[in-house]
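One chain comes next, on its own, written as C-alpha cells: the form predicted on its own.
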C-alpha cells in the first residue's frame, strides 16, 4: 500500500539524488530506506530507479510516482497550514539576517514563495552587512539567521540546510590558472579579499591556511560583486561558495579552482530561537529553502 512516508521518501531521493542523504532527510537509515523502496517496487512489480555514477535516476514509473508525491505532499502541506490557522493566530515576524551575502541569489525566490503560502507572516530581509548576525537573534532584532556559524547554548536551534563547496576565485591570467586544484602552499604571497568578518570565521583561513602556518595579506569588502570585481582587476584572490561564482566563471570574468584534493566544504544552517523553531511557518520556510536550492543550485548536498 502506498503511504505518505513512501511519497516523502521519493521526494527526498529526488531532491538529493543519493540514498544516504535522502535517508537522513526522512530520518531513516540507508538500509531501511533501501528496504522501503524495494518493497514499493515489489508492490507495483516495476523498477523505480536506475543507479548511475551521478546517483539515482528515476525510471518512467518512478517519475510518475514522484509526480504524485509532489502533488500530494503539496496538498498535505496546504491542509496543514489551514489547520494551523484554524487552531489559532499564525501571524508573526520573520526578519532574516545573512552571514554570507552570496545567499541573495537564491533567497529572493524563497521569500516570494513563502509570502504566497504565509501572507499573514511579515517577512523581511535585514539590510546591511552584519559581522556577527547571531547577535541580532540575541537582541531580538531578527528571528532567523542564515549562515555557517552555529550557536552555543540551548536558546537557539540550527536547522540544517545544505553543504556547499568553497572555491578559490582568481583573475583569468593568474599564475595558478593551469592547476585543477590549489593547496595552501600555492597561495603564499597572495592578498585574500573577504567580507569584513573575524579570521576564525573564514574557512579558507581556519581550515587550510592557518594549519599550514600561512598568513595572507587581507582586504575586505561588504559586497560579493565588489569582491569579484577586485579579483577580476588582479587585486587579490577570494574564497566563495560555488553557487555564488558560477555565473561569473561561465562568463569568463574570473576562474575558480577546488581547494585541496577533496575540496573545502561548509555547512549552511538556519539558526532560530528555540521558542520559534516549532512554528509551522518557520518549519515551512526552511523546507522551501531546501527544496528550492536542491532544484536550482548545482554542487550542493542537502543536510
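Heads up, when I say rigid core I mean the largest set of C-alphas that superpose within 1.5 Å between the two forms. Numbering follows the first chain given and starts at 1. As the structure is a prediction and not an experimental result, all values here were calculated from the model.
The same protein has a further form, the form predicted together with the DNA, not shown here; the description that follows concerns it.
Only one of 230 to 238, 34 to 42, 265 to 273, 58 to 66 places residue heavy atoms within 4.5 angstroms of the DNA in the model of the complex, namely 34 to 42. The DNA is not drawn, but in the model of the complex it has no heavy atom within 4.5 Å of residue 259. The closest non-hydrogen atom of residue 293 lies beyond 4.5 Å of the DNA in the model of the complex.
Among residues of the shown chain, residue 279 is not one whose heavy atoms approach the DNA to within 4.5 Å in the model of the complex. When the DNA is considered in the model of the complex, residue 19 lines it closely, a heavy atom lying within 4.5 Å. Core-aligned CA deviation for residue 288 between the shown form and the other one: less than 2 Å. After superposition on the rigid core, the Cα of residue 26 moves by 2 Å or more between the shown form and the other one. Positional change of residue 54 between the shown form and the other one reaches 2 Å or more at the C-alpha, relative to the superposed core.
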